[in-house]
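For this one, two forms of the same chain are given in structure tokens, first as structure 1 and then as structure 2.
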Structure 1
């Protein structure tokens, strides 16, 4: 299918942005420029990984979310909570208690996302074993990684496993379960608590699908604060409600680094986290420097989902709490206190039948024009411009690198005169005045910034 657009959850508040360039210099896909003293996102390059959000000192980068009040558009309100949501709370607040609070603040049903992780792993393993031609197969669990491959490594899109994420498996399960129980489909609203911006973007414009299985996405930091406030205010009055234990010990760690890899039966596989580590490894895969790989579990965030930008806690602490909970679940399973066979397995055939997504298409950030002849002309222009630039990637031009500036010039988004070294060269030849050079810098970095700097000096 043809994806018409990329929705982006990451936004820039121009009133807060003062053009410090930290976001531009840290963006792994060179998706940010500084113009007029403000950061600007190139939407065709952005993968919603959140690196800009992490380094912004002014809070100018923010994550758009659905309004919590939108849950009341539905009579039956389901919340999908990932295991790391529970891992943000102290061990004294067990999962059943947090489930109770979620239903108390407005949801009618609560279920863990990882309830479907085992079925998801089985479907993925079957796909890997039957598709030898595109090894290594790459997990599509992390939507930032899917977009990274689409825009930066388009030659690897056929290596992506075209299987829906566990959140979609679980959403499909609970929706069908409620419908089978007699709830009208139009009354059901399913909302996902997300640890990152990429999962919001994936819900709003899913890759390989026309519509997501989820009706809305809520930021994890917002939901954590809502639940924690309830726990603190009424901790003594709250009683733990008995809820169905939907996850197994294997499933609860699925979103952690190695969580998916350990459930897939592959001879040789790697689990790699943090976006820059992933890019380095994919460079080697694309260049055939690494051979005989079956499967790659790739995560944009350090430690996997515990490192998501919307979590409210230290990623290592969250990881440890999730692992501790998994150990307790494993102990209960071994003792026979709980069964590893969950209710969701009754719907396995239905979930497997609806597990696939359509063809995942490349969206190369190097696509210079729809017209191939025009694109070739621009590429030729880039090759002519780049040797004229100093190749030191100083970013004074408002672009993250000399190569990025050459691309911008070829696409009429910048000028060769934006390079400060070319400005100095022209000044030395008396082909440019100092004032003309100053005006160019003001256009990039903002008049106020330059004037304030001069006055302060």
Structure 2
């Protein structure tokens, strides 16, 4: 586990981490261990899903983002805001108003990410109907899911649809549009407001791509604060200078659960959200248990992107606001007040031509070793060790489960003596002193946790 595969946006602030182990016990890929009283991440197991961020009680898990000031490295500064960003604000602040505020806090242009969702779904549908041999085809929209499949379900990597995300389509569109208007390419900076860590990781090390289509990523909570402050500081009414007219009613809901599925129009498809649900389902897909499946929309977060770790507000409320906006857009489309044909469709051919990503490769975290005979020796060792452990998954050894400890021992990342049951047993047989077992616990959980608090009180 020394080799590092991915850039990770999720990091642990050692100053804040007090080694409570909640993250370790909630990580769906068992990527976290406690060592020296701090959480540490096995980087090639982490898929940036953000479960650790959600459960951390001390704010020690954080999401590294680009400095906002870096937008000023560019003369033309474009912000790509996903529709759920507008759903952060109550109905009295409409999308056009938020667009206007974005251009007042430093950006020269604002565009909604889902502008390209319709073109994206056309390309995806074409790919699905011409790749019967890899059914069910799996959406690559959620980067945490792409990574999950790479590390935990390597047999399914060929089922991933190798098409860029709507954010890349929209970034390509706006860059080309500005260049066509005469803006020098080096002056253009495109910044994406992200609802999650996985999107940052995907931007910093895109899977199957050399370079990302955006120049920087800003966290949604940071941007929410900036926009909200601007709205609150303004005396009385904030003037709307722009009309938000990038998206159609069916595209605005793209990042909500079922949004992509509805647009792709496949015969038999499922939309599944929340990482554990997805893992359960992929187990079945991998065994060919579910027949005649065409397409899977899989999302790591409950409710899709409204459940992202960097969103502000309740995911059901955000979901409802976006749905409400879609309904209002649909009414306006029906009455002819707004057209379903948006400016971006003029550039459809260009976007389609640049829509594919390179080959997505498996990066199994399950394998114990590249070399099968070494892997076999390790597996034999795991099977010897496991029955000796108490099977209560107490995590006192600093691993999330007895099985994980057995794996760590076989891979020389832990010792059988890390188990408190083994320690008691050895003490009982006078093969270990109390001091020795205290030292082991201090090594795992840090010095402070064994301070003599009874005497100190």
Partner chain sequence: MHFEYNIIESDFANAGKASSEIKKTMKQLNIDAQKIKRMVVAVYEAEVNAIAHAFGGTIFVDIDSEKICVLIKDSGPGIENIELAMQKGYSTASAKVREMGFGAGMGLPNIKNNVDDLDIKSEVGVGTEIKMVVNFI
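In this text, the rigid core denotes the largest set of C-alpha atoms whose superposition between the two forms falls within 1.5 Å. These numbers come from a predicted model, not from an experiment. Residue numbers count along the first chain shown, from 1.
**Q** Just checking, which of these two is the form predicted alone?
**A** Pick structure 1 here.
**Q** Cα of residue 110 displaced 2 Å or more between structure 1 and structure 2, core superposed?
**A** No: residue 110 shifts by under 2 Å between structure 1 and structure 2.
**Q** For residue 268, state whether the C-alpha moves by 2 Å or more between structure 1 and structure 2 after rigid core superposition.
**A** Not so; residue 268 is displaced by less than 2 Å.
**Q** On a rigid core superposition, would residue 379 pass a 2 Å threshold for CA movement between structure 1 and structure 2?
**A** Moves: yes, 2 Å or greater.
**Q** Using a rigid core fit, what is the CA shift at residue 431 between structure 1 and structure 2, in angstrom?
**A** For residue 431, the alpha-carbon shift amounts to 2.6 Å.
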